[in-house]
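Next up is one chain by itself, shown in structure tokens, the form predicted on its own.
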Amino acid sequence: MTGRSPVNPSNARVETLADTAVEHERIPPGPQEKYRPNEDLLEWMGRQFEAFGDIYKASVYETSVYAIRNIEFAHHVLVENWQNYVKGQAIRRVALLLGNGLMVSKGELWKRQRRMIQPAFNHESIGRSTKLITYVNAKLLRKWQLAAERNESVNVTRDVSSMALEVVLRFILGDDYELVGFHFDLLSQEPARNMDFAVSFRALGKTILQVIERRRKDTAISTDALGMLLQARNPENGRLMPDSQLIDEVLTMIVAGHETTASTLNWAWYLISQHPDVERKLSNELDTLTSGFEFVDLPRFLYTRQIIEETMRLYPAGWLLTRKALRDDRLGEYFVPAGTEVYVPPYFIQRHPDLWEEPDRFNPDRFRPDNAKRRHRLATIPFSTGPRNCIGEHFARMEMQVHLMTIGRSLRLRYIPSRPLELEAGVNLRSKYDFNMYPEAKITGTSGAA
């Protein structure tokens, strides 16, 4: 790779500011031309990494940006010195959707909200959600089984999107989902993520407020996520969360819990369909299921988990993390002036040839437990890392595993290419075109003969 420096060079340590004036002003190399908004940012960034190595300086959206795929630099920005780096420019688009929810907020507000929301994602709450996730996926399984009997194709992209949306809405709203869930259908039915979408989505705050007001008139306490948020109190003054903040947090949970999960499962079915050996191993593992499964059973289905991990490595939904330096800093030999945007792209870190052998190949065996010791812990960061990692990470992993196990024990999906495989790198990494596939009933006991 032209111009590429090693991932762990000796000069990758974080220097102190007591260096010489010349070193203090050293900046990374980078392209002279500015990024043009009509270009594919993912493809453009990839070309620059090819040309300039693991760190380069560029002008993106009229802002000075350092793009990094060196994991020591990423560790410094996201973990070691995270308090010096607030959410970057990409979060502005998200703020149009989510107001000042957990994904957008910063400083003391973020710390307080994180503490108040965390109990909704504790081990007990996640375990309790297994039944509702299984229920929603059982409905999807029946739909796909009917299509298999009729030899009809299914739109996997839309169907897993609808499934993931129903799961997150039931997790948050509980029984109120039956009353208001249909209002949120635009998330799975409208593919565009533009200003019109943002306006329509924000308007759903009125629906959430109606649910909140109705619950306050009822003395019963719900154990769903909204019920827990309604009971959460500010650790400093004991006050309940204001309605405006409640709405922002619920909208954030819906968006964060829907599209990222749906995108990962969409890619997972595509990848499985293209690799018969992976499909066979998955089927063999799921053949050990003789009846239903519980939350406590999930850890023993290791290969299912490996497929999810490898899918997220190749196609991380959160493909780009952006941060902004509050104060001057250093990344190795390079000076980072205050105000610099720092791009940390999991997509390129997770495909780095110094971290992964044959990095573009789909190989779930990379994530066998015995391989974990040889892997840097930031070699994959699909849910970010450090204090601002995704609060719903464990819920998402469980949801994706339940989905693959529910569908995969009964069906296989055949993909017949109709359009070229193209990526759409917006706020999340999605497939540009939907995946239409043919479900086929799996004949128990013959999965190893494929």
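Just count from 1 along the sequence shown to find any residue number. Being a predicted model, the structure only gives us computed values, none of them experimental.
The same protein also exists as the form predicted in complex with protoporphyrin IX containing FE; that form is not shown, yet it is the one meant from here on.
Within 4.5 Å of some heavy atom of protoporphyrin IX containing FE in the model of the complex lies at least one heavy atom of residue 389. Protoporphyrin IX containing FE is not shown here, but in the model of the complex it comes within 4.5 Å of a heavy atom of residue 384. Residue 158 falls outside the set of residues with a heavy atom inside 4.5 Å of protoporphyrin IX containing FE in the model of the complex.
Although the partner is absent from this view, residue 121 contacts protoporphyrin IX containing FE in the model of the complex, with a non-hydrogen atom inside 4.5 angstroms. This chain appears without its partner; in the model of the complex, the one residue of 193, 366, 87, 170 with a heavy atom within 4.5 Å of protoporphyrin IX containing FE is 87.
Out of the listed residues 183, 114, 93, 131, 114 is the one that sits within 4.5 Å of protoporphyrin IX containing FE in the model of the complex by at least one heavy atom. Judged by heavy atoms within 4.5 Å of protoporphyrin IX containing FE in the model of the complex, the contact stretch among the candidates 250-258, 195-203, 325-333, 123-131 is 250-258. The candidate site formed by 264, 321 and 400 is fully in contact with protoporphyrin IX containing FE in the model of the complex, as each residue has a non-hydrogen atom within 4.5 angstroms of it. Counting a residue when any of its non-hydrogen atoms is within 4.5 Å of protoporphyrin IX containing FE in the model of the complex, there are no hits in 406-443.
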